[in-house]
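Here's a solo chain for you in structure tokens, the form predicted alone.
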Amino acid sequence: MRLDNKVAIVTGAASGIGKEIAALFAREGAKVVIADLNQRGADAVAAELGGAKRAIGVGVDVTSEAQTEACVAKTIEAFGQVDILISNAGIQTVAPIDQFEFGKWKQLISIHLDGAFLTTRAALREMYKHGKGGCIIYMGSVHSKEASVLKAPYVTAKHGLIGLAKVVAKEGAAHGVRANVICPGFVRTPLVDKQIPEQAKELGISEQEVIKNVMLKETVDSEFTTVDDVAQTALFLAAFPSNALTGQSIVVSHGWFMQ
């Protein structure tokens, strides 16, 4: 198993991409912390993955300094170390810039960027302390590379994650810590399902047209990226054996964006 004896924290892991990553990591031998705002959902996923010896659920608001620190402390208490952090928690809100509510802008930026910073800082302190190195993976997006209408704070935040990963890669190298970003295309999760009617309303088109002409238009095969596509990429990065692959962003999008 590629992650045997590793301990991974996955934020936003009660559903969607985070849940799939957590499940795959558990199958590959990792002990997993299901960190999510939804405590019940986190506990349910942890139970599915084998219970307290293999996985624990931790309720955490990633924008809270105290809660992120407590999440890492609970990880150490349960499993003794932190080897991998998957910074995946996120939300989406769509609106034209001239109509975007400042409160909603700040909320999205805080969850994506403050959350990434706070969980990174807490995890790095443990990785540095134990001297075993580690791996941090940020869940970016094709919007880390490209812009789309109606998504100003999301595009801004996802671009910012690439900058954060590069700094962590530079600073963490002396401690054997790698940092990379996964940039998926549209993945059919509840987050994306919520956007379809919202974009249809804002753009004045049908939901089917949103899927065909907005979400999948630039792909090579008109296919959604799957949660397994993203999880397999996370496994590849987490199990990579050296610092040769660090500070990078990998696009997983059926060719929507080609570097």
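Please read all numbers here as calculations on a predicted model, not as lab measurements. Numbering starts at 1 and follows the sequence shown.
The form predicted in complex with ligand NAD is left out here; the points below concern that form.
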- [ ] Find the only residue in 122, 84, 168, 139 having a heavy atom within 4.5 Å of ligand NAD in the model of the complex.
- [x] 139
- [ ] Have a look at 95, 111, 155, 162 for me and say which one sits with a heavy atom within 4.5 Å of ligand NAD in the model of the complex.
- [x] 111
- [ ] State yes only if every one of 62, 89 and 186 has a non-hydrogen atom within 4.5 Å of ligand NAD in the model of the complex; otherwise state no.
- [x] yes
Task: Proximity of residue 247 to ligand NAD in the model of the complex, heavy atoms at 4.5 Å - done: no
Task: Distance check, residue 204 to ligand NAD in the model of the complex, heavy atom within 4.5 Å - done: no
Task: 4.5 Å heavy atom contact, residue 14 to ligand NAD in the model of the complex - done: yes
Task: residue 216: touches ligand NAD in the model of the complex, heavy atom cutoff 4.5 angstroms - done: no
Task: Answer range among 123-131, 71-79, 97-105, 178-186 for contact with ligand NAD, defined in the model of the complex as heavy atoms within 4.5 Å - done: 178-186
